[in-house]
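This document starts with one chain, in the form predicted alone, laid out as structure tokens.
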């Protein structure tokens, strides 16, 4: 059975069930504010890298219900009122969305996306936005960590065959590029990004020939500009590398050896084999030959191989990046923070778990930068109307352990949320993936190394303004009744 994707139906049923009640209970005109945010950084990271906004924009722009959708809901859910179904038939998003641009470094509790729209509309888009942000932001952050571990070497995303389906492979590869990967093996991602896909050969290609040397020679004949030979099919040191060197010599003698040639290791002790490979290649004058490696790599193994002096300078990372193997879910949430029905009513979710108590009101995120180093100092979540004076020191404090205070001075600020939709109209043009990747690199350059450590990174300060903190305490103390 084949079918066309219907993102308008890619939602939890309770969004429609609540929408039906909102409509019948005269709440359809209420204006709601929702925040989409994370509660913790993934993968033990000291930061999170936002990705997926372009797909959210596409979703919102094309969000509508066709007759087939209406009929499906009518037949399967008789509790849905006909007036509500008519509302869905004429549905289009009419509210505003502010978001932090893709490739920006963010931290827990900061609104990544702020939605202000009629309650039904704001509720209806929750699930799809969450699934897009949760997936791509997770993979972009994982990729960013892998690229950091590679210390300037190129990283290629090789994970399609291990992704959780073709769509996860497609957008996961896009997110990996946002995170800093040089390219991906996924040809469909080439279609949506315009960036050329990359790859070498499989073991089966070599096995299909009578001998390894014939396979290498044939591949070289037809791929002079993409000559990375897989050397571990039979015996890496006694067969694969010597045969690769033989082919490189033949091409060099004919003047046909192109820049970017090299070998790939896909098994065994990568540190030992790569050092031996570097020695063997150098002895034959192939000092510029690439040594690439794959084989269940992640940021920790790459870091360890680097510490062991491995000769690898190109990394193909698959399963553990495309699935974020050690942290399979980001856990972003979407919480109501304000209702307007003739008056503005800030809203809060109260919990025995402090991390689950939400921040009320219509908010913005402000980042403080040191004027001299241009490094990020701290972030402040504030009510949208608040103004920060940049010409005098500012005291910030931990929102839970309030005695922990810090004085910021010699700073400039940047508000992170930017308008994406206003009155239902798109006002933002998505940059290219290459531009987003460059923005991500620039963003990470503003973080001190302590925040980028792979293990036990320093915790970046994200505090609340005094006005927001006071509002939150007031709502907590009265139970928000």
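Being a predicted model, the structure only gives us computed values, none of them experimental. Positions refer to the first chain, counted from 1.
One more form of this protein should be noted, the form predicted in complex with a further copy of the same chain, which is absent from this view; the next part is about it.
A residue is said to contact a partner when one of its heavy atoms sits within 4.5 Å of a partner heavy atom; residue 138 meets this definition for a further copy of the same chain in the model of the complex. Among heavy atoms of residue 127, some come within 4.5 Å of a further copy of the same chain in the model of the complex.
Not displayed here, a further copy of the same chain is approached by residue 164 to within 4.5 Å at the level of heavy atoms in the model of the complex. Heavy atoms of residue 325 reach within 4.5 Å of a further copy of the same chain in the model of the complex, making it an interface residue. The candidate stretches are 86-94, 115-123, 374-382, 300-308, and the one lying within 4.5 Å of a further copy of the same chain in the model of the complex by heavy atoms is 115-123. Contact with a further copy of the same chain in the model of the complex, defined as a heavy atom within 4.5 Å, is made by none of 276, 291 and 429.
The partner is absent here; in the model of the complex, the one residue of 171, 148, 248, 107 having a heavy atom within 4.5 Å of a further copy of the same chain is 171. Only one of the listed residues (229, 100, 314, 336) places a non-hydrogen atom within 4.5 angstroms of a further copy of the same chain in the model of the complex, and that residue is 336. Heavy atoms closer than or equal to 4.5 Å to a further copy of the same chain in the model of the complex belong, across 51-80, to the residues 58, 61, 62, 66, 68, 69, 72, 73, 76, 77, 79, ordered by sequence position.
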